[in-house]
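Consider the single chain below, provided in structure tokens and representing the form predicted alone.
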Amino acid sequence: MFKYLFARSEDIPEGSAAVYFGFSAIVWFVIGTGLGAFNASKLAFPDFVTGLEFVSFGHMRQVHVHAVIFGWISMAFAMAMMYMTPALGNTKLWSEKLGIWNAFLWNVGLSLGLTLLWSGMTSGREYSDFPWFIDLYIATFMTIPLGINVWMTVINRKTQGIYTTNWFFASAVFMVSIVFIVGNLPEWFHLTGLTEAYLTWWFAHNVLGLWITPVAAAIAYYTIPKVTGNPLYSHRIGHLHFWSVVVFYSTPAAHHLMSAPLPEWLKSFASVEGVLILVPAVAFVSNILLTMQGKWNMFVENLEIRFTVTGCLMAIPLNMQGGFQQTRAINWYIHGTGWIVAHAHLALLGFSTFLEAAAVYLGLQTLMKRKLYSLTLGNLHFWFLLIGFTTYWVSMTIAGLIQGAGKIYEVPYIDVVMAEHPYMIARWIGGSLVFTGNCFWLYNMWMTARAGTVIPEGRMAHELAYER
């Protein structure tokens, strides 16, 4: 990367920025899931590594969360944008040099921010834990440069229309920039009390709803038609998906604070809007699955399709949970329990991660013009990720129901801890499987770059997957 930072634009190979973002994302995924598995081990085995403040759960948990969201998820999104946006516009990325600087500064800023979190310097607000100057750095050197590159690439396209994927990409970068700036107002202007609590959860909700969810879906809209060769089933349904996300997912987020002294009409409005997220969910899942018509054999035969369809299917329980757990009838029971932790991982480690992994697999092979080094390692990665995630999600969902029952029936706290302990062990096993699978993936992609078979001109990586 460093040799291209000060190179002339014409000397930078096409796709370099996307490749650097892709490999950075995988490295952060390994780090993030490694930290997650370590944190889970401390809940499963409370006497594991005690007496060291810097590896206490309170320090490590927020480092894990931000390494995954800002490192793995967001950098994988940036990789997808810098690869797919030009491809769909039949043009080049507006500025490879800006993209390379963006990747470099992203890694620098994230490393600094996580180091500060690890040292105990934090805002204390969940999902926006970074100190104010790191928030300013993220807005200035990470999100806005990415947005400029995406927007200018779309503007300079050589196609007449804008495909659904680029609708999502261009709008999501804009929306997350607004969400990030507004959501961190408590940190910049020292807002406290109910205002701070409300903006904290408005930020957390809309980072998922207006950044992670739409960009992950946008990836599927590209990957499925590209690999299968089928046209998208319905562009109109794609537009319905887009606009219903913008309208229904940008909720007031008051459902995160049902017991807080917020106006009752605001909480009710948030709950109704929350249920209405089923509209974009049904539109997305149906559009993708109908696009697969006649090509379901590729779900078994093709790694990228397997990841993408699995992620798409996970959108079904994700949105069923997300919609109805925002209602008062359910929220009172599961609020503050492990059910919420399970749901968050269903969104980030399930739905989103599987779609991003497909994009990184496809994008890196295409841009490097190298066939995947080992299909066996790719399959191992898929199964370790799927089995590990499922183990984690099921165990934490059960633990959450136990905690909810203990809360409602006023069971002594220590009895609840003892009852949920087996599921904490299962949580650790699941997280460790995910981490192990990601180590396989990093090695596989590194070897693909160094020793992968060159893809002949005019062929695609997935076409050669089963050729020896």
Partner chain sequence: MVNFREYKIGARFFGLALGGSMTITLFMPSFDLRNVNATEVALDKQLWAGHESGFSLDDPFLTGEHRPVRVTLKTDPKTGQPMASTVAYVYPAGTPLPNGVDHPDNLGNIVEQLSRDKGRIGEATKSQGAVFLLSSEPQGDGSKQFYIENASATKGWNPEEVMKAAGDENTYHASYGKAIFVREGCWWCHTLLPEETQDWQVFGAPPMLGDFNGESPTAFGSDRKAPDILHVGSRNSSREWMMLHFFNPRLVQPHSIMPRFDYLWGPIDDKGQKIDFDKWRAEYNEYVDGKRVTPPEVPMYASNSDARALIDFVLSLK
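Because the structure is a prediction, the values reported are computed rather than measured. Numbering follows the first chain given and starts at 1.
The discussion below concerns the form predicted together with its partner chain, not included here.
Proximity of residue 201 to its partner chain in the model of the complex: non-hydrogen atoms within 4.5 Å are present.
Among heavy atoms of residue 422, none comes within 4.5 Å of its partner chain in the model of the complex. Shown alone here, residue 57 lies within 4.5 Å of its partner chain in the model of the complex, counting heavy atoms only.
Heavy atoms of residue 236 never reach within 4.5 Å of its partner chain in the model of the complex, leaving it off the interface.
Partner contact region in the model of the complex: 130-138, out of 69-77, 357-365, 130-138, 282-290, criterion any non-hydrogen atom within 4.5 Å of its partner chain. Between its partner chain and the residues 299, 324, 101, 332, the one pair within 4.5 Å by heavy atoms in the model of the complex involves 332. The single contact residue among 191, 398, 316, 87, judged by any heavy atom lying within 4.5 Å of its partner chain in the model of the complex, is 191. Within 4.5 angstroms of its partner chain in the model of the complex, the stretch 243-265 places a non-hydrogen atom from each of 243, 246, 247, 250, 251, 257, 259, 260, 261, 262, 263, 265, taken in sequence order.
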